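Read the single chain below, which is given as structure tokens and is the form predicted alone.
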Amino acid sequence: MATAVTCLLAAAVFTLSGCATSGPGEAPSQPPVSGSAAARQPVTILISIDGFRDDYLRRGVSPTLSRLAAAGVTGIMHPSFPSKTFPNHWTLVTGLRPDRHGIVGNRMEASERKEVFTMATDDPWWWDAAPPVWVDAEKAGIRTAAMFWPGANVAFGGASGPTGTRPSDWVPYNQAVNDSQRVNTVLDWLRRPEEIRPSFVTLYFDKVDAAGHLHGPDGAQTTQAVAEVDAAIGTLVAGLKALGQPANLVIVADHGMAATSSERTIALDTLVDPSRYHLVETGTFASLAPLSGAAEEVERSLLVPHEHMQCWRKADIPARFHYGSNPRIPPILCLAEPGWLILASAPRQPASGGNHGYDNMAPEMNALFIAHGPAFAAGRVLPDFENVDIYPLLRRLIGLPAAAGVDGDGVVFRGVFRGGATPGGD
């Protein structure tokens, strides 16, 4: 939970943001507080557009993002499995796949804890297996700030001691904070005097994901959400220019989106007696634990070929998913074919929309990636890569040395930096 001081500071930021008079694509009217363009060092801004499938960029409604991609670096990025929001946001900032960093789903259980992990959980115990990049930055004296990011509200390390580490500035997630307020909060941070101005910032937009879930990836409302977030990023770019603040923008998505329908569902209770297992998560995949004495019965029903679904014992999950060793993963995992859903029972009413969590290499799960700024050469298109490589890229941009023991190596980014050099780090 936020301290009273943090909440007051966050409220003050939002008050200032709400009073801004700039419109989409316009530079904020306030002048820079401190520093000229020549004196300001580039800031690294990590922007997540939740649920932005890579091909949304070709819909003709995102001129800012398209311009940044053309003048920078882009390519198809694959999420880690499972292609869910919290596991992948934590992968992006830790360089570890979910099986290693411990956020193995949007909903989790652990035998040591009575409470269930949900997307509102900020208990450090669940998060402490891997430090996010802002922890190492803060320890190195590099100031960081988070305008929303899953896990940024967690006091990392707090499970084993009285205090933990968060970004110097952070705002508790609240979906009611609109895109303009989010952008203006970031710009307000960057107006500060140099000694309290962040060098690394995260910015998170959820609008595209929300529209994709409700209306499907092909819905007009999803395309409109793409246009609205693009306009917000246009406001950010204009605001940075007005401040004379150079910025390396790393724009990502956590996953893509696939169209779903109540006509494409698999009801688990038609395959095995639900009184014989404990269900942890359902949807694009299902995870469950047979109850005492029921393992053979449950396995006999599920570990056989099924149309549109495949199930495995935890130890037998294909190696390419890099998933199955973490104790938080239940004994059985069932994965649906893209576009299908695994539910406890058949839906009672017709419905359609979109979802994610499928095979991370499925084209529908492909995620957006754009890098643009003074560090990057223009017009580079990367081969497909995995999102574990974002973490080493961020460390280089921030000026941190390369980290040992992570899953990403950032080799895909060799040759994309301006002048052929890599900024900061090793």
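A residue's number is simply how far along the shown sequence it sits, counting from 1. Everything numeric here is computed off the predicted structure, so don't read it as measured data.
There is also a form predicted in complex with a small molecule; it is not shown, and the following applies to it.
Listed stretches are 220-228, 168-176, 286-294, 90-98; the contact stretch with the small molecule in the predicted bound form is 168-176, by a heavy atom cutoff of 4.5 Å. Taking non-hydrogen atoms only, P79 never approaches the small molecule to within 4.5 angstroms in the predicted bound form.
For the chain shown alone, H213 is a contact residue for the small molecule in the predicted bound form, at least one non-hydrogen atom being within 4.5 angstroms. When the small molecule is considered in the predicted bound form, N326 lies well away from it, no heavy atom lying within 4.5 Å. At the 4.5 Å threshold, heavy atoms of P132 stay clear of the small molecule in the predicted bound form, well away from it. For the marked spot (T282, F321 and D359), a heavy atom within 4.5 Å of the small molecule in the predicted bound form is absent from each of the three residues. Residue-level contacts in the predicted bound form: of W340, Y204, Y277, W126, one residue has a heavy atom within 4.5 Å of the small molecule, and it is Y204. Taking a 4.5 Å heavy atom cutoff to the small molecule in the predicted bound form, the contact residue among F156, W149, W189, F117 is W149.
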